[in-house]
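A lone chain, given as structure tokens: the form predicted on its own.
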Amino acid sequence: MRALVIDSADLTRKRLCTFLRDRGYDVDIADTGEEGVLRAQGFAPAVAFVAQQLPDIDGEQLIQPLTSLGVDTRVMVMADAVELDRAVHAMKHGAEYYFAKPLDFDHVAMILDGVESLQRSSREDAHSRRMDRRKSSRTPTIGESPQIVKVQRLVKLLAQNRTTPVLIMGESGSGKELVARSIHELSGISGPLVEINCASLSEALLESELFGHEKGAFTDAKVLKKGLFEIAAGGTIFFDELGEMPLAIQAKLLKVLDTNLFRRVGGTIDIRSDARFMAATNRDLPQLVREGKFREDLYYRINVLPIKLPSLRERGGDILLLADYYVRLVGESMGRSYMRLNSSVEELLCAYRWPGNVRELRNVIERALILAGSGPIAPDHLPADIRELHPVETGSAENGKLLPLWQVEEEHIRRVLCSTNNNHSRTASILGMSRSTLLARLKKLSPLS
């Protein structure tokens, strides 16, 4: 948890910061009310200790701006002498408690115990509501970013239109198979979902797997074998790594899509297929078409309502949402559902570019849980390439070249989105712009490669 101390008295501030850090808080400090509000907007504290007497303002005037940050900040007022009327007034207007100086840290600890318990329950309730919403939608595309919300809408549309071919494009590890499974399950069809990896089989084996073969069709064909188009009757056949499919098989696949008919290898009878077609690829299909490696007619046949899965680095605050989900999911399987991420770990996760996308994030979380044992997850439990990552200096790129202003601004917007867990209101406040301006800027963000 995070705590902000706003006090110009050095001794009180030093003692309180030491006490809070010993309780496991990340602590930030400010000398004045103006500085305190600015720090709170970026730091998002769970608790703020505010001196009643500050150089520039009465501390009680900070209660409203601190409690309206949208992060459930609890404000503790510290006064040189407690005046009952002022204490009652402050607590009526949103203060959590009113302490007298010098602080009795046993008393402070008792109040914090209650605050921490309430905030923990609030977070767990919010998480349960999010999980219930996800379960009710039966979709694995967890997230609240505009990019993933668009994917969620397409998933529901394609589930309702059961005969439409489904093409899912995205980087390796971005969750293409999970999206295919979600569409299949949401569609309510009774048949199975069968999968085939187009890169793992030779042309001859791929044809036999898809269409089956008659007994005696070739040397090793000692019995009749049904193909996946028959096995998937009334269900879905999912082609993973479609871009690797040989051209000869592409031609036969196109015929099946156009006529719903196929023949087993060595057969003479047409067999009807009602299996739904779904495919996924991390390749650039239009480029493959231009290179003559993918049939143009097949591409246009399946490119009806394509789903383009965003990379994890494009999804802003979804990184922490997914990390929290996997901490709970994997933690429960290990009997440690209480595990949480601290702010230092969250900052490192947000700064990393995730070339392996969601698959990599899950593996990182599982590794961290194993290394943490029964203790808290710390930066030392992350892989070296994440742990040793240093934030890019403003205006400089990873290759040492200076960046144009528009790119610096985009990177900063993404970092702030991640730090606020994709909260648009808080992000707009930190960036010093209106929420409508922020939303307009988000629509114009360039995709990350």
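All of these numbers come straight from a predicted model, not from anything done at the bench. Numbering starts at 1 and follows the sequence shown.
Note that the form predicted together with a small molecule isn't included here; everything after this is about it.
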item: Among 319 to 327, 260 to 268, 296 to 304, 246 to 254, the region lying within 4.5 Å of the small molecule in the predicted bound form by heavy atom distance; value: 319 to 327
item: Candidate from E347, E230, E177, E96 lying within 4.5 Å of the small molecule in the predicted bound form - any heavy atom; value: E177
item: Selected contact from L167, V358, I237, L210, since only one has a non-hydrogen atom within 4.5 angstroms of the small molecule in the predicted bound form; value: V358
item: Touches the small molecule in the predicted bound form: S200 (any heavy atom, 4.5 Å); value: no
item: Contact flag, S172 vs the small molecule in the predicted bound form, heavy atom cut 4.5 Å; value: yes
item: V108, heavy atom within 4.5 angstroms of the small molecule in the predicted bound form; value: no
item: K101, heavy atom within 4.5 angstroms of the small molecule in the predicted bound form; value: no
